[in-house]
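Just one chain is shown here, as structure tokens, and it is the form predicted alone.
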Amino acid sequence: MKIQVSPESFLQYQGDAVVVGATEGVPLAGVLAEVDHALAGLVGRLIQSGEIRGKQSEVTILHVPGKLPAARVAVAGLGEAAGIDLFRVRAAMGVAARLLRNRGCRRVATTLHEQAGEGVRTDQAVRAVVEGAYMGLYPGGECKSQKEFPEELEELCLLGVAEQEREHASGAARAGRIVGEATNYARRLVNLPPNEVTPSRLAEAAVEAGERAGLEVEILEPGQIEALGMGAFVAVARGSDEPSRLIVLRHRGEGDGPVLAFVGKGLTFDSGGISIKPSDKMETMKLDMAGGAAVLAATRAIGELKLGVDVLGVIPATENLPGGRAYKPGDVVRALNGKTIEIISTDAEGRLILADALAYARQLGATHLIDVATLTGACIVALGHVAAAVMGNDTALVEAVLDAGESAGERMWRLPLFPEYRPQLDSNIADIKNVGGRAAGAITGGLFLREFVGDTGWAHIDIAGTAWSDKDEPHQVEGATGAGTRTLIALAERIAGGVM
């Protein structure tokens, strides 16, 4: 999709459609009032009749042949005026782009970036609009033999950008494209079936991403993983005939600054192992590599953006199956950092492979650790499907992650790691158990991971509730959401810019 910024107004754009925003319960103003005037009061009459309400995710398409150079005007709802922010702008553009694409439009322009709320810079709004368009246009249906719709429009033009703002706005549009494509790349990896995205195939995808973005890529095979002493990772991988892989990606930025390590859970399929999951919805357990997909996609985007910060991506990739060699409840395994772990549930495998990956990232020189994982069902109980949970041992880093999530349009909420929770993980025969019971399950999952980061600043993002959508929504199709991808990119941008 070609992205342009232009000083043109909607009165000049010659394309298939122009998208403008409408707020709920607010009289005609700004661009919408200008559109109403150009259409001889049509918008105002539709507002009066209740056909245009300005509600979030509502889009009304007006056919205006001969009245404007564009054939259609799409009026996208932004919700109540008092709450307009970049979250709503992204969603509104996603809904409008998806609807217009499905109606046969190929060249679309918008003014939504002009309606992003007070205090929002033009470049921020432009980027949000472009990201929203890409996310809305993602088609899904990865394995369908016939595609109903193309993934993209041919052109998206952001109108009314003043000459003095065009350079910054063009840069923001480019960043929005890269980030939008990265989010959709993560979604595709998660949506593809687990017989196609095996650990080996995920490693091949990492090599391809490295070639595209100028990343250094190293792939460690089972023998190398075992030789390193990653007993926890090896234990999880033993039950599957598919060989495991440890994927390491490096983006070289400044070279003498911080080393930001992203560690992503890469369970390409999770049956629960011996502690097998219920069969209902087990087919969705291909999503257990959503953290790994986010890390791969974000690191690729960081390379394409050429950010001035060193970034390390580490993805332990395996399946968790109940084979004859599978690890068992009651086993004790030794992690890379020497800690012994009593296995209570083989369905708490993500924290085991992350434990070794976090410790390995420290060995590789990480100064800041951020892991992303569909770690606990307890996170969904706590926060539902709206927000990811964030925990960590470094307040400044946790707050930076939360701020990055806010700017990226991904809602997150901090959970505490109070020491009173830690005894739930005490073991009689090993240093630690891999589960601490039902109470505070998301928190004890975070506390388990903390045992493997030492004194390195660390933040944990549990995307169990946000990585997947069970329903088709106006702004995105059912399936993987790419959760975490945009937050990781935004965090790298902050650190590259000297903001923590």
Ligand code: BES
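Numbering starts at 1 and runs along the sequence shown. It should be emphasised that the depicted structure is a prediction, and the values quoted were computed from it without experimental measurement.
The form predicted together with this ligand exists for this protein as well; it is not shown, and the discussion that follows is about that form.
Q: How about R300: is it within 4.5 Å of this ligand in the predicted bound form, going by heavy atoms?
A: Judged by the heavy-atom cut-off of 4.5 Å, R300 is well away from this ligand in the predicted bound form.
Q: Residue-level question: is Q115 within 4.5 Å of this ligand in the predicted bound form, judged on heavy atoms?
A: No, Q115 sits far enough from this ligand in the predicted bound form that none of its heavy atoms falls within 4.5 Å.
Q: Using the partner position in the predicted bound form, report whether E349 sits within 4.5 Å of this ligand, counting heavy atoms only.
A: Result yes; E349 sits at the interface with this ligand in the predicted bound form.
Q: If you check in the predicted bound form, is A396 within 4.5 Å of this ligand, heavy atoms only?
A: Outside the cut-off, so no.
Q: Has each of A213, R250 and L260 got a heavy atom lying within 4.5 angstroms of this ligand in the predicted bound form?
A: No.
Q: Considering A387, A378, A326, L153, which brings a non-hydrogen atom within 4.5 Å of this ligand in the predicted bound form?
A: Exactly one listed residue reaches within 4.5 Å, namely A378.
Q: Only one of S345, Q224, S427, T340 has a non-hydrogen atom within 4.5 angstroms of this ligand in the predicted bound form; which is it?
A: In short, S345.
Q: Work out which of the listed stretches, 285-293, 163-171, 87-95, 332-340, brings a heavy atom within 4.5 angstroms of this ligand in the predicted bound form.
A: Selected stretch: 285-293.
Q: Who in 422-438 is close to this ligand in the predicted bound form, meaning a heavy atom within 4.5 Å?
A: Stretch hits: a single one, V435.
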